[in-house]
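Let's start with one chain on its own, the form predicted on its own, as structure tokens.
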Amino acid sequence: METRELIRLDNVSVRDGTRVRVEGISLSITRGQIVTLIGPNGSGKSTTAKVVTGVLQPTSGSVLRRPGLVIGYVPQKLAVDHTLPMSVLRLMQLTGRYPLPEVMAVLEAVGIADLARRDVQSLSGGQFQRALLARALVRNPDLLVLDEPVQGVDFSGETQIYELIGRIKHERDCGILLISHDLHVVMAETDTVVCLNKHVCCTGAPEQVMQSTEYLSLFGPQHGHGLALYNHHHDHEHLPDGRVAPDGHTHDHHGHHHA
């Protein structure tokens, strides 16, 4: 494996009897990189995430993980029994015992340290997603796998959570696999987008994928407009091949120029 590579899927397929869940998936995630999986419902995004985390074994193909790789996983759905009161601190200890200072540090990092003793049931959608993110971070993972991390979050909350994910990537130098059903909620932080429809339809920088015929045939051109919303968070410009432009200036999608 390359120095900063964390995991590599090579020609991975998953089948249930005769039903193909994914076929021929190849992708790689390195430290400091956000890879976003997009695709319609039933396209195999969660299946691919489960192969990455090791929850699911591929029927064929290979998965190469860096030795000792620690993965933090935020599943798409986490069933919380609403009849049992559970504090945020208790939620943080469900999968392992962590020292209180470490737990409080990650709650602080995601912006909800003041809610530590609050009942999980009373949290807003955005606060709950932050708690789940903290729960994945307390393991100090090399790789974060986030399956639809903005579920139940309003639009301004979505933007904040994506900014938070971008900050976590920079501060911790971890790799992130992010799953979204839609490219318009993929923030400009994303390095590589992989568009799935049971197989890899197309892959590349967000702008490239958004203009590809495969993407447009799956989602239609109306999905392309929202991406610019996140581009004002860019502090650099990508060249067409994905490298960062050397001049230190940025242009947003509307042609405005920022020094």
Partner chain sequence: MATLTIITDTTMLDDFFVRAVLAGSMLALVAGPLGCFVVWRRMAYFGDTIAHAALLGVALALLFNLNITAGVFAVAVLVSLLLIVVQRRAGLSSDALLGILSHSTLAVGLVIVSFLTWVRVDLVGFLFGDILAVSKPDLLVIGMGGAVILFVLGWFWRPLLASTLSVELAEAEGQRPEVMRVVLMVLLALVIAIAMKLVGILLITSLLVIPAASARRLSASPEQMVLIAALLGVLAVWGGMGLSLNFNTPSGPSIVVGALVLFLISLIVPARLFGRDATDGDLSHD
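Residue numbers count along the first chain shown, from 1. Note that this is a predicted model, so its numbers are computed, not measured.
Below, we refer to the form predicted in complex with its partner chain, which is not included among the displayed structures.
When its partner chain is considered in the model of the complex, Pro149 lies well away from it, no heavy atom lying within 4.5 Å. Residue contact check for Val110: none of its heavy atoms lie within 4.5 Å of its partner chain in the model of the complex. Remark: Ile71 counts among the residues lining its partner chain in the model of the complex, judged by a heavy atom distance of 4.5 Å or less. Although the partner is absent here, Glu163 is not a contact residue: none of its heavy atoms lies within 4.5 angstroms of its partner chain in the model of the complex. Thr53 is the sole member of Thr192, Ser28, Thr53, Ser212 with a non-hydrogen atom lying within 4.5 angstroms of its partner chain in the model of the complex.
Shown without its partner, this chain lists Thr95, Ser156, Ser124, Asn140 as candidates; in the model of the complex, only Thr95 has a non-hydrogen atom within 4.5 angstroms of its partner chain.
Taking the partner from elsewhere, every residue among Thr83, Arg90 and Asp119 has a non-hydrogen atom within 4.5 angstroms of its partner chain in the model of the complex.
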